[in-house]
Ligand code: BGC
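Have a look below at one chain only, the form predicted on its own, in C-alpha coordinates format.
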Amino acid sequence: MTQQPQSASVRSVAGDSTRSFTTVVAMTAALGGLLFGYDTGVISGALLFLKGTFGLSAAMEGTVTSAVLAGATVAAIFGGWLADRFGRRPVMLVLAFLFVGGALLSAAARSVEVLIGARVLIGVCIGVVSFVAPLYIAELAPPARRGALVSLNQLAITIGILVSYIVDMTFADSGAWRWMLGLGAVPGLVLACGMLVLPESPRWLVKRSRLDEARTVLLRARSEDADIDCEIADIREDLALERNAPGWRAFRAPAMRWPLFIGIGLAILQQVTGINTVIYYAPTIFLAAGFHSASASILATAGVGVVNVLLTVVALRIIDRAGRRVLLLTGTAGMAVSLLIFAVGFAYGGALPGFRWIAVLSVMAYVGFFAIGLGPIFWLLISEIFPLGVRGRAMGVATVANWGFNLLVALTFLQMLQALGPATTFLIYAGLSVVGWLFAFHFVPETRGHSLEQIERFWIERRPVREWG
(Lines give C-alpha, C1' and ligand atoms only; values in the text may rest on other atoms or scores of the structure.)
Protein backbone atom coordinates (compact mmCIF):
# COMPACT_ATOMS: atom_id res chain seq x y z
CA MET A 1 0.00 0.00 0.00
CA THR A 2 2.85 2.38 0.75
CA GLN A 3 5.21 1.45 -2.09
CA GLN A 4 3.37 3.25 -4.85
CA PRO A 5 3.48 6.76 -3.29
CA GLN A 6 7.15 6.22 -2.45
CA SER A 7 7.89 5.19 -6.03
CA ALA A 8 6.04 8.23 -7.37
CA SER A 9 7.99 10.45 -4.99
CA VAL A 10 11.29 8.99 -6.14
CA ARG A 11 10.31 9.51 -9.78
CA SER A 12 9.33 13.10 -9.00
CA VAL A 13 12.67 13.82 -7.34
CA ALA A 14 14.52 12.20 -10.26
CA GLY A 15 12.49 14.23 -12.74
CA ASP A 16 13.22 17.45 -10.86
CA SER A 17 16.91 16.60 -10.78
CA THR A 18 16.92 15.98 -14.54
CA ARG A 19 15.13 19.24 -15.27
CA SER A 20 17.51 21.12 -12.98
CA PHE A 21 20.57 19.61 -14.66
CA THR A 22 19.47 20.42 -18.21
CA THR A 23 18.38 23.91 -17.14
CA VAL A 24 21.75 24.62 -15.50
CA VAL A 25 23.59 23.37 -18.59
CA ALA A 26 21.43 25.53 -20.87
CA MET A 27 21.73 28.64 -18.68
CA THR A 28 25.51 28.30 -18.43
CA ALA A 29 26.00 27.77 -22.16
CA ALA A 30 23.61 30.66 -22.81
CA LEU A 31 26.12 33.01 -21.18
CA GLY A 32 27.75 32.86 -24.61
CA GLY A 33 24.55 34.44 -25.90
CA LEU A 34 24.73 37.10 -23.18
CA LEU A 35 28.24 37.99 -24.34
CA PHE A 36 26.98 38.02 -27.93
CA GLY A 37 24.25 40.50 -26.95
CA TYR A 38 26.41 42.68 -24.72
CA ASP A 39 29.27 43.11 -27.16
CA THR A 40 26.97 43.88 -30.09
CA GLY A 41 24.74 46.26 -28.13
CA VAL A 42 27.28 48.21 -26.08
CA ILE A 43 28.76 49.92 -29.13
CA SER A 44 25.52 51.85 -29.73
CA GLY A 45 26.13 54.04 -26.67
CA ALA A 46 29.92 53.98 -26.69
CA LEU A 47 29.98 55.21 -30.29
CA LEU A 48 28.55 58.58 -29.22
CA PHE A 49 31.76 59.19 -27.22
CA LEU A 50 34.28 57.31 -29.34
CA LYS A 51 33.70 59.90 -32.07
CA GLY A 52 35.17 62.61 -29.86
CA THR A 53 38.03 60.53 -28.41
CA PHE A 54 39.38 59.32 -31.75
CA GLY A 55 37.91 61.96 -34.10
CA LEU A 56 35.97 59.38 -36.07
CA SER A 57 34.43 60.19 -39.42
CA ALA A 58 31.10 58.63 -40.41
CA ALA A 59 33.00 56.00 -42.39
CA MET A 60 35.20 55.15 -39.39
CA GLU A 61 32.13 54.93 -37.15
CA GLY A 62 30.83 52.25 -39.48
CA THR A 63 34.22 50.52 -39.45
CA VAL A 64 34.41 50.40 -35.65
CA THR A 65 30.84 49.11 -35.47
CA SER A 66 31.24 46.53 -38.21
CA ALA A 67 34.67 45.24 -37.04
CA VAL A 68 32.83 42.78 -34.81
CA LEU A 69 30.75 41.63 -37.76
CA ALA A 70 33.80 41.12 -39.96
CA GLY A 71 35.42 38.96 -37.29
CA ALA A 72 32.20 37.03 -36.75
CA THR A 73 31.75 36.33 -40.46
CA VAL A 74 35.26 34.97 -40.89
CA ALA A 75 35.16 32.93 -37.66
CA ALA A 76 31.86 31.29 -38.57
CA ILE A 77 33.55 29.79 -41.65
CA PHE A 78 35.88 27.61 -39.56
CA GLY A 79 33.95 27.57 -36.27
CA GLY A 80 31.74 24.68 -37.36
CA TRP A 81 34.77 22.57 -38.22
CA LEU A 82 36.28 23.33 -34.80
CA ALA A 83 33.07 22.30 -33.04
CA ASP A 84 32.88 19.05 -35.01
CA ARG A 85 36.60 18.28 -34.62
CA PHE A 86 37.32 19.18 -30.99
CA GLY A 87 33.89 19.12 -29.38
CA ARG A 88 31.36 21.72 -28.33
CA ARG A 89 32.59 22.17 -24.74
CA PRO A 90 36.33 22.84 -25.39
CA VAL A 91 35.47 25.39 -28.09
CA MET A 92 33.10 27.21 -25.71
CA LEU A 93 35.76 27.24 -23.00
CA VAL A 94 38.44 28.78 -25.24
CA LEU A 95 35.95 31.36 -26.52
CA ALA A 96 35.14 32.45 -22.97
CA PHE A 97 38.77 33.37 -22.28
CA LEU A 98 39.07 35.13 -25.65
CA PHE A 99 35.97 37.19 -24.80
CA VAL A 100 37.71 38.37 -21.63
CA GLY A 101 40.84 39.32 -23.54
CA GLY A 102 38.93 41.18 -26.23
CA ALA A 103 36.90 43.18 -23.72
CA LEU A 104 39.96 44.24 -21.73
CA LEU A 105 41.93 45.11 -24.87
CA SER A 106 39.11 47.26 -26.27
CA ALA A 107 38.81 49.10 -22.94
CA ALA A 108 42.54 49.80 -22.86
CA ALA A 109 42.81 50.91 -26.52
CA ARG A 110 44.84 54.09 -27.07
CA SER A 111 44.38 54.16 -30.84
CA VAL A 112 41.53 53.41 -33.18
CA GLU A 113 43.59 50.64 -34.79
CA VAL A 114 43.90 48.77 -31.48
CA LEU A 115 40.20 49.31 -30.82
CA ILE A 116 39.29 47.86 -34.21
CA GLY A 117 41.62 44.89 -33.63
CA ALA A 118 40.01 44.19 -30.26
CA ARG A 119 36.56 44.42 -31.81
CA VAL A 120 37.59 41.94 -34.52
CA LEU A 121 38.76 39.51 -31.80
CA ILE A 122 35.42 39.86 -30.01
CA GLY A 123 33.71 39.31 -33.34
CA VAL A 124 35.62 36.06 -33.85
CA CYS A 125 34.27 34.85 -30.50
CA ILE A 126 30.72 35.97 -31.27
CA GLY A 127 30.77 34.36 -34.71
CA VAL A 128 31.53 30.94 -33.23
CA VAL A 129 29.57 31.12 -29.96
CA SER A 130 26.45 32.36 -31.78
CA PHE A 131 25.85 28.84 -33.12
CA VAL A 132 27.97 26.58 -30.90
CA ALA A 133 25.98 27.58 -27.79
CA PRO A 134 22.54 26.67 -29.24
CA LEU A 135 24.08 23.59 -30.91
CA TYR A 136 25.44 22.37 -27.57
CA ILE A 137 22.12 22.97 -25.80
CA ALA A 138 20.05 21.33 -28.55
CA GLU A 139 22.16 18.17 -28.55
CA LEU A 140 21.78 17.72 -24.81
CA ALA A 141 18.14 18.82 -24.35
CA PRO A 142 15.23 16.33 -24.33
CA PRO A 143 12.89 16.81 -27.34
CA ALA A 144 9.94 18.01 -25.24
CA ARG A 145 11.97 20.90 -23.78
CA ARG A 146 14.42 21.57 -26.61
CA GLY A 147 12.65 24.67 -27.90
CA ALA A 148 12.55 26.39 -24.52
CA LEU A 149 16.09 25.39 -23.55
CA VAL A 150 17.68 26.42 -26.84
CA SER A 151 15.72 29.67 -26.74
CA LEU A 152 17.37 30.46 -23.40
CA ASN A 153 20.33 31.41 -25.59
CA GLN A 154 18.21 33.98 -27.43
CA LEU A 155 16.87 35.26 -24.10
CA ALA A 156 20.46 35.65 -22.93
CA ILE A 157 21.26 37.63 -26.09
CA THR A 158 18.42 40.05 -25.36
CA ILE A 159 19.47 40.32 -21.70
CA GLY A 160 23.01 41.04 -22.84
CA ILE A 161 21.74 43.79 -25.14
CA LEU A 162 19.62 45.27 -22.34
CA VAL A 163 22.52 45.14 -19.88
CA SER A 164 24.72 46.89 -22.43
CA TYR A 165 22.12 49.65 -22.79
CA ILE A 166 21.89 50.03 -19.00
CA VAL A 167 25.69 50.21 -18.75
CA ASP A 168 25.73 52.78 -21.57
CA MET A 169 23.08 54.80 -19.74
CA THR A 170 24.99 54.58 -16.45
CA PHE A 171 28.16 56.00 -17.97
CA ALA A 172 26.46 58.36 -20.47
CA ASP A 173 26.90 61.52 -18.39
CA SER A 174 30.61 60.86 -17.78
CA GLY A 175 31.26 59.50 -21.26
CA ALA A 176 33.31 56.62 -19.76
CA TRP A 177 33.28 54.42 -22.83
CA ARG A 178 36.21 52.35 -21.53
CA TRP A 179 34.04 51.05 -18.70
CA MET A 180 31.23 50.37 -21.20
CA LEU A 181 33.47 48.13 -23.29
CA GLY A 182 35.55 46.61 -20.49
CA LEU A 183 32.70 45.27 -18.37
CA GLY A 184 32.10 42.59 -21.01
CA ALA A 185 34.97 40.68 -19.36
CA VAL A 186 32.76 39.79 -16.37
CA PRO A 187 30.30 37.39 -18.08
CA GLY A 188 33.25 35.95 -20.00
CA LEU A 189 34.88 34.87 -16.75
CA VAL A 190 31.60 33.39 -15.49
CA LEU A 191 31.18 31.40 -18.73
CA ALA A 192 34.73 30.06 -18.45
CA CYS A 193 34.16 28.86 -14.88
CA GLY A 194 30.87 27.22 -15.86
CA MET A 195 32.22 25.38 -18.90
CA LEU A 196 35.02 23.88 -16.79
CA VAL A 197 32.47 21.66 -15.01
CA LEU A 198 29.85 20.99 -17.71
CA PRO A 199 29.86 17.74 -19.77
CA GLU A 200 30.43 17.33 -23.49
CA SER A 201 27.48 16.93 -25.87
CA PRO A 202 26.31 13.28 -25.78
CA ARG A 203 25.80 13.24 -29.54
CA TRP A 204 29.36 14.38 -30.16
CA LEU A 205 30.59 11.72 -27.74
CA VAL A 206 28.69 9.01 -29.65
CA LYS A 207 30.16 10.31 -32.87
CA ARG A 208 33.62 9.79 -31.32
CA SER A 209 32.66 6.28 -30.10
CA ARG A 210 32.86 7.38 -26.46
CA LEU A 211 29.64 5.53 -25.64
CA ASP A 212 30.12 5.14 -21.88
CA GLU A 213 30.64 8.89 -21.47
CA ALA A 214 27.60 9.61 -23.67
CA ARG A 215 25.48 7.23 -21.61
CA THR A 216 26.58 8.93 -18.37
CA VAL A 217 25.59 12.35 -19.68
CA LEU A 218 22.23 11.13 -21.00
CA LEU A 219 21.42 9.45 -17.67
CA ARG A 220 21.68 12.88 -16.05
CA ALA A 221 19.83 14.70 -18.84
CA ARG A 222 16.87 12.34 -19.34
CA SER A 223 13.95 11.23 -17.19
CA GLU A 224 14.14 7.98 -15.23
CA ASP A 225 11.93 6.10 -17.71
CA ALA A 226 13.88 7.21 -20.80
CA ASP A 227 15.44 4.46 -22.93
CA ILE A 228 19.05 5.67 -23.06
CA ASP A 229 20.31 2.70 -25.07
CA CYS A 230 17.60 3.28 -27.67
CA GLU A 231 18.57 6.94 -28.01
CA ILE A 232 22.23 6.03 -28.43
CA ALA A 233 21.25 3.42 -31.03
CA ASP A 234 19.26 6.08 -32.94
CA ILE A 235 22.25 8.41 -32.93
CA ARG A 236 24.56 5.65 -34.17
CA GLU A 237 22.08 4.72 -36.89
CA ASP A 238 22.00 8.31 -38.14
CA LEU A 239 25.78 8.47 -38.12
CA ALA A 240 25.92 5.25 -40.14
CA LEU A 241 23.67 6.80 -42.79
CA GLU A 242 26.16 9.66 -43.21
CA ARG A 243 29.34 7.61 -43.51
CA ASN A 244 28.86 7.15 -47.25
CA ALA A 245 29.35 10.90 -47.68
CA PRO A 246 31.76 12.04 -44.95
CA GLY A 247 32.91 15.60 -44.37
CA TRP A 248 31.96 18.34 -46.77
CA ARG A 249 30.80 15.81 -49.39
CA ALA A 250 27.73 15.27 -47.22
CA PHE A 251 26.54 18.75 -48.24
CA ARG A 252 25.87 17.40 -51.74
CA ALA A 253 23.44 14.76 -50.44
CA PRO A 254 19.80 15.26 -51.52
CA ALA A 255 18.72 15.27 -47.85
CA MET A 256 20.84 18.40 -47.26
CA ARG A 257 19.30 20.60 -49.95
CA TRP A 258 16.18 21.71 -48.12
CA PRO A 259 17.73 22.20 -44.68
CA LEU A 260 20.53 24.27 -46.22
CA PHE A 261 18.05 26.32 -48.23
CA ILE A 262 15.89 26.95 -45.16
CA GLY A 263 18.82 27.64 -42.82
CA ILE A 264 20.58 30.07 -45.17
CA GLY A 265 17.29 31.71 -46.15
CA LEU A 266 16.33 32.40 -42.53
CA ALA A 267 19.89 33.56 -41.81
CA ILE A 268 19.66 36.22 -44.51
CA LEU A 269 16.10 37.28 -43.70
CA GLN A 270 16.88 37.72 -40.00
CA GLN A 271 19.38 40.42 -40.97
CA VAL A 272 17.97 42.15 -44.05
CA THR A 273 14.74 42.92 -42.17
CA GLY A 274 16.84 45.47 -40.29
CA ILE A 275 16.98 44.30 -36.68
CA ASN A 276 20.60 45.21 -36.10
CA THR A 277 20.14 48.73 -37.40
CA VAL A 278 18.15 49.20 -34.19
CA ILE A 279 20.64 47.30 -32.01
CA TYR A 280 23.67 49.19 -33.31
CA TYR A 281 22.20 52.61 -34.09
CA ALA A 282 19.10 53.03 -31.87
CA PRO A 283 20.41 56.19 -30.13
CA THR A 284 21.26 57.68 -33.53
CA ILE A 285 17.77 56.79 -34.83
CA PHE A 286 16.07 58.36 -31.82
CA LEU A 287 18.14 61.52 -32.15
CA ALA A 288 16.88 61.76 -35.74
CA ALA A 289 13.31 61.24 -34.46
CA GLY A 290 13.46 64.24 -32.15
CA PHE A 291 15.35 63.38 -28.96
CA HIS A 292 17.78 66.16 -28.11
CA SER A 293 20.45 64.54 -25.91
CA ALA A 294 22.57 61.42 -25.84
CA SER A 295 21.24 60.50 -22.39
CA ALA A 296 17.58 60.74 -23.50
CA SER A 297 18.16 58.70 -26.66
CA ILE A 298 20.07 56.03 -24.72
CA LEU A 299 17.24 55.92 -22.15
CA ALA A 300 14.72 55.35 -24.96
CA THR A 301 17.01 52.63 -26.33
CA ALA A 302 17.04 50.94 -22.91
CA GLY A 303 13.23 50.85 -23.05
CA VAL A 304 13.48 48.99 -26.35
CA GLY A 305 15.88 46.56 -24.68
CA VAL A 306 13.34 45.86 -21.92
CA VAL A 307 10.67 45.02 -24.50
CA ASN A 308 13.15 42.73 -26.27
CA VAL A 309 13.76 40.76 -23.08
CA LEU A 310 10.09 40.55 -22.02
CA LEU A 311 8.84 39.30 -25.38
CA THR A 312 11.67 36.79 -25.58
CA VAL A 313 10.50 35.43 -22.21
CA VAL A 314 7.01 35.09 -23.71
CA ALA A 315 8.43 33.19 -26.69
CA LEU A 316 10.43 30.98 -24.34
CA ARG A 317 7.30 29.95 -22.45
CA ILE A 318 5.15 29.12 -25.49
CA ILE A 319 7.59 27.97 -28.16
CA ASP A 320 7.18 24.26 -27.38
CA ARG A 321 3.37 24.58 -27.27
CA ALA A 322 2.58 27.06 -30.04
CA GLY A 323 5.24 25.70 -32.40
CA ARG A 324 7.95 27.32 -34.50
CA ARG A 325 5.87 28.17 -37.58
CA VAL A 326 3.11 30.04 -35.71
CA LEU A 327 5.58 32.27 -33.89
CA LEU A 328 7.65 32.85 -37.02
CA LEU A 329 4.63 33.86 -39.11
CA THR A 330 3.21 36.08 -36.36
CA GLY A 331 6.55 37.72 -35.74
CA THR A 332 7.39 38.56 -39.36
CA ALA A 333 3.89 39.94 -39.97
CA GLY A 334 4.15 42.17 -36.91
CA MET A 335 7.60 43.37 -37.94
CA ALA A 336 6.29 44.41 -41.36
CA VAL A 337 3.39 46.39 -39.88
CA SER A 338 5.58 48.08 -37.23
CA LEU A 339 8.19 49.12 -39.78
CA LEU A 340 5.48 50.47 -42.08
CA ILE A 341 4.15 52.67 -39.25
CA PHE A 342 7.69 53.81 -38.47
CA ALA A 343 8.35 54.69 -42.12
CA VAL A 344 5.05 56.55 -42.52
CA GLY A 345 5.78 58.44 -39.31
CA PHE A 346 9.10 59.65 -40.69
CA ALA A 347 7.46 60.57 -44.00
CA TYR A 348 4.57 62.61 -42.58
CA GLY A 349 5.05 63.11 -38.86
CA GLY A 350 8.64 64.16 -38.43
CA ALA A 351 7.65 67.75 -37.73
CA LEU A 352 5.05 66.86 -35.08
CA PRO A 353 6.04 67.30 -31.41
CA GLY A 354 4.83 63.81 -30.49
CA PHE A 355 6.53 61.95 -33.32
CA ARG A 356 9.44 60.85 -31.20
CA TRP A 357 7.04 58.77 -29.07
CA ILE A 358 5.47 57.24 -32.17
CA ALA A 359 9.00 56.32 -33.20
CA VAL A 360 9.76 54.75 -29.82
CA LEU A 361 6.50 52.75 -29.73
CA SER A 362 6.83 51.47 -33.29
CA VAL A 363 10.45 50.46 -32.71
CA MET A 364 9.41 48.70 -29.49
CA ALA A 365 6.68 46.83 -31.38
CA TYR A 366 9.10 45.90 -34.16
CA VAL A 367 11.69 44.56 -31.69
CA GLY A 368 8.96 42.75 -29.73
CA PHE A 369 7.71 40.91 -32.81
CA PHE A 370 11.30 40.04 -33.74
CA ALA A 371 11.78 38.66 -30.22
CA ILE A 372 8.95 36.13 -30.62
CA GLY A 373 9.73 35.23 -34.23
CA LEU A 374 12.92 35.54 -36.25
CA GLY A 375 15.05 36.20 -33.17
CA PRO A 376 14.77 32.85 -31.35
CA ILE A 377 13.31 30.72 -34.16
CA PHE A 378 16.25 31.08 -36.55
CA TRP A 379 18.84 29.90 -34.00
CA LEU A 380 16.55 27.13 -32.76
CA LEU A 381 15.78 25.79 -36.24
CA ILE A 382 19.37 25.66 -37.44
CA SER A 383 20.23 23.67 -34.30
CA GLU A 384 17.48 21.17 -35.21
CA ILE A 385 17.29 20.69 -38.97
CA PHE A 386 20.84 19.63 -39.93
CA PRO A 387 22.15 16.01 -39.79
CA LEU A 388 24.40 15.15 -36.84
CA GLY A 389 27.49 14.31 -38.88
CA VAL A 390 27.72 17.82 -40.35
CA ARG A 391 25.61 19.77 -37.85
CA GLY A 392 28.45 21.99 -36.66
CA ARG A 393 29.66 22.81 -40.16
CA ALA A 394 26.14 23.27 -41.53
CA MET A 395 25.28 25.66 -38.70
CA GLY A 396 28.55 27.40 -39.50
CA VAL A 397 27.47 27.89 -43.12
CA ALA A 398 24.15 29.39 -42.03
CA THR A 399 25.94 31.56 -39.49
CA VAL A 400 28.37 32.84 -42.12
CA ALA A 401 25.38 33.96 -44.18
CA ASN A 402 23.82 35.54 -41.09
CA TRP A 403 26.92 37.51 -40.09
CA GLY A 404 27.78 38.38 -43.68
CA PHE A 405 24.42 40.05 -44.22
CA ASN A 406 24.61 41.57 -40.75
CA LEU A 407 27.85 43.20 -41.88
CA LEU A 408 26.25 44.34 -45.14
CA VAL A 409 23.30 45.94 -43.34
CA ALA A 410 25.56 47.65 -40.77
CA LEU A 411 27.82 49.09 -43.47
CA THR A 412 24.97 50.36 -45.65
CA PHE A 413 22.48 51.64 -43.07
CA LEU A 414 23.94 55.11 -42.46
CA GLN A 415 24.54 55.57 -46.20
CA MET A 416 20.92 54.55 -46.90
CA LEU A 417 19.69 57.07 -44.34
CA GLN A 418 21.70 59.82 -46.02
CA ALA A 419 20.84 58.87 -49.60
CA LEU A 420 17.20 57.72 -49.26
CA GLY A 421 16.01 59.21 -45.99
CA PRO A 422 14.65 57.27 -43.00
CA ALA A 423 11.14 56.83 -44.45
CA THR A 424 12.31 54.99 -47.58
CA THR A 425 14.99 53.06 -45.68
CA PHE A 426 12.53 51.59 -43.19
CA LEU A 427 9.94 51.02 -45.92
CA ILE A 428 12.50 48.76 -47.64
CA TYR A 429 12.98 46.82 -44.40
CA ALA A 430 9.16 46.49 -44.11
CA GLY A 431 9.01 45.02 -47.62
CA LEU A 432 11.76 42.53 -46.77
CA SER A 433 9.77 41.49 -43.68
CA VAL A 434 6.88 40.60 -46.01
CA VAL A 435 9.33 38.47 -48.01
CA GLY A 436 10.30 36.80 -44.73
CA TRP A 437 6.66 35.95 -43.99
CA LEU A 438 6.20 34.40 -47.44
CA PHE A 439 9.40 32.38 -47.06
CA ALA A 440 8.32 31.03 -43.66
CA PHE A 441 4.82 30.19 -44.90
CA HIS A 442 5.98 28.19 -47.91
CA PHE A 443 9.22 26.56 -46.76
CA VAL A 444 9.71 26.34 -43.00
CA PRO A 445 8.60 23.04 -41.37
CA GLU A 446 7.23 22.51 -37.88
CA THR A 447 9.88 20.70 -35.82
CA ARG A 448 8.09 20.88 -32.45
CA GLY A 449 8.08 17.59 -30.54
CA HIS A 450 10.31 15.67 -32.98
CA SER A 451 13.67 14.25 -31.94
CA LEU A 452 16.74 15.40 -33.86
CA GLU A 453 16.99 11.90 -35.33
CA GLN A 454 13.35 12.02 -36.54
CA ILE A 455 13.95 15.37 -38.20
CA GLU A 456 16.97 13.97 -40.02
CA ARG A 457 14.96 10.99 -41.26
CA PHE A 458 12.21 13.32 -42.53
CA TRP A 459 14.77 14.91 -44.87
CA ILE A 460 16.07 11.51 -45.98
CA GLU A 461 12.50 10.39 -46.73
CA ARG A 462 11.92 13.72 -48.53
CA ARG A 463 8.71 14.22 -46.61
CA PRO A 464 7.00 17.55 -47.55
CA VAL A 465 7.27 20.15 -44.77
CA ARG A 466 3.48 20.51 -44.60
CA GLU A 467 3.24 16.86 -43.43
CA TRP A 468 5.57 17.22 -40.46
CA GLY A 469 2.83 18.39 -38.09
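Numbers follow the displayed sequence, beginning with 1. These numbers were taken from a predicted model, which means no experiment stands behind them.
Form predicted together with beta-D-glucopyranose: not shown, discussed below.
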| property | result |
| --- | --- |
| Close approach of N406 to beta-D-glucopyranose in the model of the complex, 4.5 Å, heavy atom | yes |
| Any non-hydrogen atom of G396 within 4.5 angstroms of beta-D-glucopyranose in the model of the complex | no |
| Non-hydrogen atom contact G375 with beta-D-glucopyranose in the model of the complex at 4.5 angstroms | yes |
| Contact flag, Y38 vs beta-D-glucopyranose in the model of the complex, heavy atom cut 4.5 Å | no |
| beta-D-glucopyranose: the contacting residue among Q154, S164, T332, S383 in the model of the complex [heavy atom, 4.5 Å] | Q154 |
| Single option in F99, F131, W204, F370 placed near beta-D-glucopyranose in the model of the complex, where near means a heavy atom within 4.5 Å | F370 |
| Contact test, all of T22, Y136 and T216, partner beta-D-glucopyranose in the model of the complex, heavy atom 4.5 Å | no |
| Interface stretch in the model of the complex with beta-D-glucopyranose - options 172 to 180, 357 to 365, 106 to 114, 268 to 276, non-hydrogen atom within 4.5 Å | 268 to 276 |
| Residues in 381 to 403 close to beta-D-glucopyranose in the model of the complex, defined by a heavy atom within 4.5 Å, in order | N402 |
